[in-house]
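What follows is a single chain, given as structure tokens, in the form predicted on its own.
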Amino acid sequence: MYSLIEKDIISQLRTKEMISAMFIFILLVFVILNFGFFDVLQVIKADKKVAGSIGGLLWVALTFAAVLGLNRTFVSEKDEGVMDGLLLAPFDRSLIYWSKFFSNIIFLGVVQIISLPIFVLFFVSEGFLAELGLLILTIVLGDLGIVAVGTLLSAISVNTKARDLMLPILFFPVIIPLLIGVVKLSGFVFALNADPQKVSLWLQFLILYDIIFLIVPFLVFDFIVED
């Protein structure tokens, strides 16, 4: 598995295809939202009651950028015939999934580390450092769910003729519950009104969601790659 992860990282360091595409997309979304809704954003920033809605803007950019990257997860292996060799190799096929999972987590995390300061510069007017830990935890739990679902569905969509369209069609209906949770928690962070009871409830929901979709690949990935 470590060799497969290393292969993906070296490939990205050479081409920067996935990371650059995701970052440029996020940057464009931030710029368009900032200048297209400038007056509305000023009102939102000034009113703490609605300031939490800014969290939704963050996850719109992060989720669509993640889909852009996840769509390429198995493309090179499929087009270059590498997948056939991996399926014939004498190891558990689920390791193929987990290598892609960890590679995607790394790539998405790098893009978010670069993008988050830009988001704060554009959209956040008041300090939220007191809730920074909650924001980081929310992003980590959100990333786990997004990548777990996206990597699995990418293995399905890569075998279809309309693979660039199939992943978003399959992905978004499954990921909606997770997005509701991360948007709610991000809203608590940016509105500076975190209710410990509500935060705990949404965190438990995200953890449960992640656990479910981290278990599913063990059960179904062999059948997916066989098809």
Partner chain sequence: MNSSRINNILAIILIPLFLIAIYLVFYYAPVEQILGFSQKIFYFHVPLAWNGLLGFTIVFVASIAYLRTQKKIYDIVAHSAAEIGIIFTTLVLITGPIWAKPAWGTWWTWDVRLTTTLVLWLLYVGYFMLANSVEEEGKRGRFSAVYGVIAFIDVPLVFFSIRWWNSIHPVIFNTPSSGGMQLDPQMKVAFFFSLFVFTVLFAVLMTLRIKLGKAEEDLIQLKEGS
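Fair warning: this is a prediction, and the values are worked out from it, not measured in the lab. Positions refer to the first chain, counted from 1.
Note that the form predicted together with the partner chain isn't included here; everything after this is about it.
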| query | finding |
| --- | --- |
| Every residue of 15, 23 and 61 near the partner chain in the model of the complex, heavy atom within 4.5 Å | no |
| 4.5 Å heavy atom contact, residue 159 to the partner chain in the model of the complex | yes |
| Heavy atom of residue 220 within 4.5 Å of the partner chain in the model of the complex | yes |
| Contact flag, residue 5 vs the partner chain in the model of the complex, heavy atom cut 4.5 Å | no |
| Touches the partner chain in the model of the complex: residue 194 (any heavy atom, 4.5 Å) | no |
| Partner-facing stretch of 114 to 122, 147 to 155, 133 to 141, 68 to 76, counted where any non-hydrogen atom is within 4.5 angstroms of the partner chain in the model of the complex | 147 to 155 |
| In the model of the complex: members of 205 to 221 within 4.5 Å of the partner chain, any heavy atom | 205, 208, 209, 212, 213, 216, 220 |
